[in-house]
Ligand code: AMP
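One chain comes next, on its own, written out as structure tokens in the form predicted alone.
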Amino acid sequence: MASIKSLCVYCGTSSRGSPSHLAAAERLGVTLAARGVTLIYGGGMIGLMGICADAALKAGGKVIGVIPKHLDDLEVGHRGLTELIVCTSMHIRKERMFHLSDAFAVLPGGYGTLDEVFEMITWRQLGLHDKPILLVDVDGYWKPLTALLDHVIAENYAKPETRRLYTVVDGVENLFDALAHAPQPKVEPKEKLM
């Protein structure tokens, strides 16, 4: 794949996870800045989201956050970003982040992170896009999810080839190597997905 210019990072808003998760978020932010790749993320200043954004900014990187107004009103929006886009809903947030990004990396997170990654996997399955989706498996965090996805396939609710919709990488250090070997997207994203 040609080098990417922007990477959407989905991750948790909690800082109570494993120290290795926090370190991975920081390492990813620094790595993005060093490679000149713009970080696209949910616009928050807390949890892994804030750690990744702050690390990228501190290392001189460009960071674009997209946050719905109701979350921004709760004072979770990060005011130190290169650009903070405030939108009207979670649905518009996801669509805007999608259009700004060349690929997706998923660090540990909760229900919101799962919602985001499943939507991108589903859109890819439906042929709405062909951008790489990488689950960054920090200390085995995504192993239960990949076991569930294998179970869905084993129970005939998805075809075995759906495993190609995403890639699992062991840690941040393997992310860009996996992206370099990802096929160039063949599907031109639709202007409006929602």
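Just so we're clear, the structure is a prediction, and the values are computed from it rather than from any experiment. When you see a residue number, it is the position in the sequence shown, counting from 1.
The same protein also exists as the form predicted in complex with the named molecule; that form is not shown, yet it is the one meant from here on.
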All of Met49, Arg93 and Gly110 with a heavy atom within 4.5 Å of the named molecule in the model of the complex
yes
Can you work out whether Asp72 and the named molecule are in contact in the model of the complex, taking contact to mean some heavy atom pair no more than 4.5 Å apart?
no
The named molecule contact in the model of the complex: Gly12, any heavy atom under 4.5 Å
yes
Closest heavy atom of Asp115 to the named molecule in the model of the complex, within 4.5 Å or not?
yes
